[in-house]
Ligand SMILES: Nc1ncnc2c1ncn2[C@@H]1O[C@H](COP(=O)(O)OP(=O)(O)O)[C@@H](O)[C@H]1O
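Here we start with a single chain on its own, the form predicted on its own, put down as structure tokens.
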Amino acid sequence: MQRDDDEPQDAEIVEDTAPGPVPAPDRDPGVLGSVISDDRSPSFESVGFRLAPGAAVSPGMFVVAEAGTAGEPTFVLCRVLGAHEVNPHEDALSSTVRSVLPFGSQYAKEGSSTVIYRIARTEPLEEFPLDHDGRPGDPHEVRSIPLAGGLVLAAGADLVQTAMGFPDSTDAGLHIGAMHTDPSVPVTLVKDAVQRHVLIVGGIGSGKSYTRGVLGEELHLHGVPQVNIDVNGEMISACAELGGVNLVPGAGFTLPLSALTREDLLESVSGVQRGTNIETLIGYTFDVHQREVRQNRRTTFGVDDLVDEIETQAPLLQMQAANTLRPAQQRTRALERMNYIGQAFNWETALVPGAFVNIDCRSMLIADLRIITAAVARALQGLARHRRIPFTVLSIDEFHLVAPNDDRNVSTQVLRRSLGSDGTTASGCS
């Protein structure tokens, strides 16, 4: 078929299938590729590099790129975000033509082709200056842009450990596993890491509970006491294996009414409409008892105490009418259904070095779960503030259940407070 001379010819992209010369850097097995220059790379935000033929990268992999000048050599540690292939022989049009027309098509592959290559995109993380012997110095923020054409190599385990702040020895911190992109790099958190809040997230079956168990073993090994709110019962075996104690609310673990807030109490009293005299009378009476506890005029109080005090306070509030006083007492009696209300748990005795207290909340309603979690967090925070317990880790399974994105929720308010400065820290699995 006659073709117009102006129409692009296949010869413009079809290449010789014979292998051609390969640049010397690409023959080095330690070289992953070289930095490219385009509208995004190289920069402080993104570094792209052409992969050497046969080189492989994966998302999350750490690489190093040449930077600096000849007088001040340095290199930049980068993390791989993704990669793609460029192959004009397999664009949509060429692929369609090849599938429709009965003509074979051959072309040189990567390494021999001049138009087929792969590009990886990375984000710069840290910069390492080199000393006179070519050894990396202490890392600092990225100040030098990697050089276009500069070599890109896989980062060594020692370099990654230094950049991530991992201790040299797995015994010097909390050893929780190895990097998924390089199993030779142990992931060991410095001990001080637990003083910051920790969030473990992932899909169902992704290993959140397993990770929490490994972290629990390491905390136990280093003598850090820990308290876990166990929503699904997944830490019961681990707790027992570590010599800890599994407690069930209402059977071995109870909270005094004083451990609740006014909001907790009113949420627990059924059938009380907000803004009514009944709510006001119950809440005010609860505050009276709480004030006496804070002033050390009483150590605790129970449902009976609260019911009796309602009758005392009602005349003072001019709420002694039968349609207010008796319903308020009856509603308050409903607190007796909460079998986890009782004597205060002795945290000071339980939280010895290496202790593991697991609170099995599998049978709890979400409303009760939130009350228990908030009360435990407040108790630990108060004891830690007065240095009555050692540094303690509080962990919460299914964190999203007890701390929803709702500022009106009591447990959300409590858990959003900074516990770390008071000698406790919180972690969540969701």
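Predicted model only: the values in this text are computed from it and were never measured. All residue numbers are counted from 1 along the displayed sequence.
One more form of this protein exists, namely the form predicted together with this ligand; it is left out here, but the text below deals with it.
- Here the chain stands alone, but in the model of the complex its contact with this ligand, taken as any heavy atom within 4.5 Å, falls in 208-216 among 208-216, 132-140, 161-169, 343-351.
- Listed residues 275, 71, 203, 104 were compared with this ligand in the model of the complex; 203 is the one with a heavy atom within 4.5 Å.
- Proximity to this ligand in the model of the complex, taken as a non-hydrogen atom within 4.5 angstroms, holds for one residue of 279, 234, 292, 182, which is 234.
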